[in-house]
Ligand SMILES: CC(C)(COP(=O)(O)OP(=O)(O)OC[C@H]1O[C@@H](n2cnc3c(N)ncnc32)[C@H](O)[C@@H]1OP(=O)(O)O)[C@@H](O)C(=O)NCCC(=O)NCCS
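Single chain ahead, by itself, as structure tokens, in the form predicted on its own.
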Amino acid sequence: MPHIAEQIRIRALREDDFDAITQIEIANFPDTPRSAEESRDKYQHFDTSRWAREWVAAEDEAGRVVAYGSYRHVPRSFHPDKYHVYVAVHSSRHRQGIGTRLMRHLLGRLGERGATRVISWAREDYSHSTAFLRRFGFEEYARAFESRLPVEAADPRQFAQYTQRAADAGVVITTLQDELERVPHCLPAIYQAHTAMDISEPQDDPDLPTPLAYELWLRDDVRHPRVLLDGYFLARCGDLYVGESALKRTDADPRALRQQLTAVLPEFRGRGIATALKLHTVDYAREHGYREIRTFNSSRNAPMLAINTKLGFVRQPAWIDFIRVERA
């Protein structure tokens, strides 16, 4: 009788696979709601004219999608021979050799492409996932934490001094919505500040960051339907944008918000601006009836992790970044 993994058929991803993919992710991470539309959106917004990728699905003998995997270039720190690779198997089909077969398939494809570095990730409390990556020669190189704030338990009033410190430094906390009304042509300046802040943040990736193209920033961070223009907070000093903290809705959990980049230009740090921005996002969540704010931070970003802890964010198990270097 053939091994279970040998009965699996690996094929190219189809448009109708996203419901199955989402169910695989929910089965593995039930505490992280997601929707098929969010998965499809992530797939469709990848610019295949600039970067390479391949997604595959694994069907069992009954034609059910029980696993999927992908490889893709890394737009955030692009190198032509560096890729992300990811494999996910439905929790009911773990330890049947399906993930191993998928990973071998994807690494084989990357070998054909001449990949020299391959990056993947796993959560620290999923020992089977970390062991799986290590078996394939992946080594840990960085960690990141998701932190979650139960909004009702937070008390921003006890940190009012940070908002005052920012004001004393000549900083005004505003929103993208208000700035678009005040200065309709403000978007290029905000993008420039966003890019400067983003690349100045502590980075886990061994390669230098690649600035996000203006049109992609507009699409994903300004005009996307999950963007909240009145929840995109900016710190402005005169005519200069010096900090930001933006919130996005989620489709899968309408009472949860995802916090995007929170950052301040290096020369304006140490003035309470980042904390003041975060306090505004907490007030926003409370006023609009949201239950929770979720955010991700590198383990190397100690100042932001300290701010999160101070405000009441609860740190979740770490996500471990792994890298596999192909030897010549």
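Start at 1 with the first residue shown and count on from there. Being a predicted model, the structure only gives us computed values, none of them experimental.
The discussion below concerns the form predicted together with the ligand, not included here.
S.K.: Only one of 191, 86, 159, 145 comes within 4.5 Å of the ligand in the predicted complex by heavy atoms, so just point that one out.
M.R.: Of 191, 86, 159, 145, the residue with a heavy atom within 4.5 Å of the ligand in the predicted complex is 86.
S.K.: Could you check which residue among 97, 137, 111, 211 gets a heavy atom within 4.5 Å of the ligand in the predicted complex?
M.R.: Selected residue: 97.
S.K.: Using a 4.5 Å heavy atom cut-off, which of 283 to 291, 36 to 44, 268 to 276, 23 to 31 contacts the ligand in the predicted complex?
M.R.: Stretch with heavy atoms near the partner: 23 to 31.
S.K.: With the partner left out here, check for me: in the predicted complex, does some heavy atom of residue 129 sit within 4.5 Å of the ligand?
M.R.: Taking the distances in the predicted complex, the answer for residue 129 is yes, it comes within 4.5 Å of the ligand.
S.K.: Against the ligand in the predicted complex, would residue 133 count as a contact residue? Criterion: heavy atoms within 4.5 Å.
M.R.: Contact check for residue 133: yes, within 4.5 Å of the ligand in the predicted complex.
S.K.: Tell me, yes or no, whether residue 120 is in contact with the ligand in the predicted complex, where a contact means a heavy atom of each within 4.5 Å.
M.R.: Contact with the ligand, yes.
S.K.: Since only the chain is shown here, I'm wondering whether residue 228 would be in contact with the ligand in the predicted complex (any heavy atom pair within 4.5 Å).
M.R.: Close contact is absent here: in the predicted complex, residue 228 is far from the ligand, nothing within 4.5 Å, heavy atoms only.
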